[in-house]
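Next up is one chain by itself, shown in structure tokens, the form predicted alone.
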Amino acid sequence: MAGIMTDTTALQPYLAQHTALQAQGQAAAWLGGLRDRGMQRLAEKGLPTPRVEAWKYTNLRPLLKHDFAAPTEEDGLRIDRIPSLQPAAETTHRLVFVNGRFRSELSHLGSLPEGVTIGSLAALLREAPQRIEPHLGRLGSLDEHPMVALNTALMEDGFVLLLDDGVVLAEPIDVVFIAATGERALAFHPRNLMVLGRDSQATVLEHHAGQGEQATLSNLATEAWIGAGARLWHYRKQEELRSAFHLSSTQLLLARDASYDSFVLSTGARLSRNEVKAELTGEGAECHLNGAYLMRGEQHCDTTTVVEHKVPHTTCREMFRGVLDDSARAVFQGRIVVEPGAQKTDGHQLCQTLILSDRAEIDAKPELEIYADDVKCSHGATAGELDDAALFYLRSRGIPEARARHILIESFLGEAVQKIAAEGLCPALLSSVANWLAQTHDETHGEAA
């Protein structure tokens, strides 16, 4: 019983939504069964609490203060601005989801090569469910990932990318998720699926933003199957409103010589969690997990990763850097697992955090779990203040203190951002960092819930 949310009434809205969803009778039998398994897991074990080791530093109890409703088509009907990680003139493929639902009138796709499917999960479930049945809900364990279980129970829509063998999609895919509220708090559960065939390639730019005054819960789950020799670049920016809860779980399977390269920039949400589990199942597979977070006020940001090296000659690299101000709190939990026989594994992880306030807090727990003897693995975590000597040097050159501090922070985060391979994306993310630094304390505190 240790992992159950003590207030069981918190589950009632989700149980009711699941019942209503299944009563529609539109889903294929396998999908209905998958949803039922997710709800069964949730009913049996509940939402996670800090008594669960993986959730030791992140408490979901603030969710209980809100009466979240399922969104309708009327919610978020008017969207004044669509955020993007690239200029509109350079955007060839864009899919927009509002409160977890695909909005075709806000989306557009350019010319696609043969062997590419990009679109809405809801549409594929209606028109060609057999194309996604072999992959949807097949990665990970619902017992190990309770929020994925909730997502599975209530999933309706999300982003789908299917690439046949050898297909190279040259233009990035811009996927925008907007959390938009009117007079009530909303919860939605987007489900994304990416399946890359042998030697295929794609770049996905994912942007999460919000509008409105009420709280939102975005409980996102993504599955990515990366075939032999395939390459996926996956970059995300999370800037939802300070009244939002953003929970994201990404589960990956990498075949022989496959490559996954990711970066996550987190500046938004009252409480956010970015969870990644990667299974490297083929020799030569490489996984790069990088990111940066900037938190202030009462924000809480959790980064939790697990990389499992299951065969010899696999590689992973992780680097996360963060900046915390005011009473913000961050969590980094990174675990590298080297299974028996996975010789010649090369795995490294590092988390570094700048603390700008004596009230801010970082909880770091890097781990290595190694069952092979011929490996090269390391981990580390550091936290500290700005370098007084560097600050003094800049001020001695006539640079005002505030600007000098910003220069040092931008330089600190810049090393992480520069690991991004996508052309043109680094300036956009560095601009986001500069905008965050330019905000006054009064402005940011005024947005807090």
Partner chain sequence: MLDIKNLHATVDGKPILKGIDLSIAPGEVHAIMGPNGSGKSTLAYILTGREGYEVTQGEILFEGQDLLEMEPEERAVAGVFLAFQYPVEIPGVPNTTFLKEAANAVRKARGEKELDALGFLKFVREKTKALGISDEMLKRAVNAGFSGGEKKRNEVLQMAVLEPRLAVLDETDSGLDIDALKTVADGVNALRGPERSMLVITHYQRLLEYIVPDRVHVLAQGRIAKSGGKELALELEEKGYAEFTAAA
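Residue numbers count along the first chain shown, from 1. All values derive from a computational prediction rather than experimental measurement.
Below: the form predicted together with the partner chain, not depicted.
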| property | result |
| --- | --- |
| Heavy atom within 4.5 Å of the partner chain in the model of the complex - the one residue of 28, 64, 390, 43 that qualifies | 390 |
| Among the candidates 381, 386, 52, 399, the residue which, in the model of the complex, approaches the partner chain to within 4.5 Å (heavy atoms) | 399 |
| Contact test in the model of the complex: residue 56 vs the partner chain, heavy atoms, 4.5 Å | no |
| Exercise: residue 408 in contact with the partner chain in the model of the complex, heavy atom 4.5 Å | yes |
| 4.5 Å heavy atom contact, residue 394 and the partner chain in the model of the complex | yes |
| Partner proximity in the model of the complex: residue 415 to the partner chain, non-hydrogen atom cutoff 4.5 Å | yes |
| Candidate stretches 44-52, 400-408, 64-72, 29-37 - the one whose heavy atoms come within 4.5 Å of the partner chain in the model of the complex | 400-408 |
